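Here we start with a single chain on its own, the form predicted on its own, put down as structure tokens.
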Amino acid sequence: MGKTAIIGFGGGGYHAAKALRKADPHAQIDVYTDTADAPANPMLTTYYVAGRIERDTQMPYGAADKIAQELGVRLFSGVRVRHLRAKERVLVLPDGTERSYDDIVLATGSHPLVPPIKGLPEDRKGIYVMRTMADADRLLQRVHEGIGSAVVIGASWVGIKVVEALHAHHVPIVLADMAPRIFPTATMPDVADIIHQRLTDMGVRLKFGAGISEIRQEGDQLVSLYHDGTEETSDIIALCLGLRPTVDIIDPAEFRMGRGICVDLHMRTSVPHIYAVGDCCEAYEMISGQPVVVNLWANAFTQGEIAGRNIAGYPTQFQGNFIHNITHFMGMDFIGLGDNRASGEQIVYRHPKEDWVFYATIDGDVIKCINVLDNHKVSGPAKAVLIRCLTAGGEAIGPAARLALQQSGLPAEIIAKIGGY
């Protein structure tokens, strides 16, 4: 019977424990998590702040003690591992206790990027980030105290959801980003223009092409200064500038590293018997063919399951993933698949009666990028088509995918252009 430690209990850690327990009923599984909460979906935090869901809804698998009992794991809640001596497979706990294991899964996730902005208050008063349930609790408490105005820095997936949550409480908002448009790594310019106009019509003031340079406190308010010489005064500032892998418990010299911990298709790191899953690792990305951090909840599920099965002795490989975003915000549905920087023929379809658009970039017979606005039905079949392009380029899509695209509302001539033949 092997001894496995899982460090981190988000989506990746949970699915690693679940897969390992299913494959090996007798394995000893110890799970370490620095929070008392159960595994929580970070994409639900803003729904909680907006008042659309209850706090417990952020934890889709139930209470922590119930999960521990169901999976038969020893759960060490509120215990942040201080250090991992990787080659020895030894965990050092906050009180100095050392524990050794046969296998270790790093599922430490990611944390919001907070760059060294000049004037950033040391106590972070009035400064908010959004990732964990604790972050959501803190922002919601401030909402209840009253917010007269807000600046959200970062027109990212998290940024727009924070805008949505604050908008639900009628807070006047400025959304700022140094990039020229919203979702700069996913949107095509024409699609971004549509989103910009809708946000403006809803009262959100947009400030693009202006990176923050300094924060100054004036009484109870914060003044944010920008590289273009402008400034904004607000009660709070939400920093939504992206995520960074949480890898502070390891010595990077012991691992092959990129932005995160590099893993192979079995989720193995460069150190034998140590695996990494989810936001803390770089795994195969299908479009670039390179290891990339993919911050997706479902991606962590898959990688956790693969790590658990491999530890249990059932060799399983990761197919790979690609960066894609499917999100609902401010009454809009946006789907972004592939590389929005790719060149090629652009295909545009605007539904004549319904208010949705489809954009695609094609290079030869390979789809490079897809944007869809306000037709969530096309997300599944569009992903299937892109995966087909990435794994079997040149082959026509099958009848099931073609039918699904037709049922989503795409006309036959557009389906033929993107590979339906």
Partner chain sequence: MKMIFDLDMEKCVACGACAVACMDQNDIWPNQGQTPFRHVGIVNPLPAQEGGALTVLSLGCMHCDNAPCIQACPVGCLFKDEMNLTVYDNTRCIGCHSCAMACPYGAPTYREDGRMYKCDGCAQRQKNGMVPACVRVCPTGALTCQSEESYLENKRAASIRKILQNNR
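The structure displayed is predicted, hence computed values, not measured ones. Residue numbers count along the first chain shown, from 1.
Just so you know, the form predicted in complex with the partner chain exists too; it's not on screen, but the next bit is about it.
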Open item on the list: Can you pick out, from 64, 362, 50, 59, the residue that has a heavy atom within 4.5 Å of the partner chain in the predicted bound form?
Closed with: 59
- [ ] Taking 4.5 Å between heavy atoms as the contact cutoff, choose which of 335, 175, 274, 165 touches the partner chain in the predicted bound form.
- [x] 335
Open item on the list: So if I measure heavy atom distances to the partner chain in the predicted bound form, which of the stretches 326 to 334, 218 to 226, 236 to 244, 144 to 152 falls within 4.5 Å?
Closed with: 326 to 334
TODO: Indicate whether the partner chain has at least one heavy atom within 4.5 Å of a heavy atom of residue 402 in the predicted bound form.
DONE: yes
Open item on the list: Test of understanding: in the predicted bound form, would residue 103 fall inside 4.5 Å of the partner chain by heavy atoms?
Closed with: no
- [ ] Answer yes if any heavy atom of residue 35 is within 4.5 Å of a heavy atom of the partner chain in the predicted bound form; otherwise answer no.
- [x] no
TODO: Give a yes or no for residue 187: in the predicted bound form, does one of its heavy atoms lie within 4.5 Å of a heavy atom belonging to the partner chain?
DONE: no
Task: Members of 16 to 49 lying within 4.5 angstroms of the partner chain, judged by heavy atom, in the predicted bound form - done: 41, 43, 44, 47
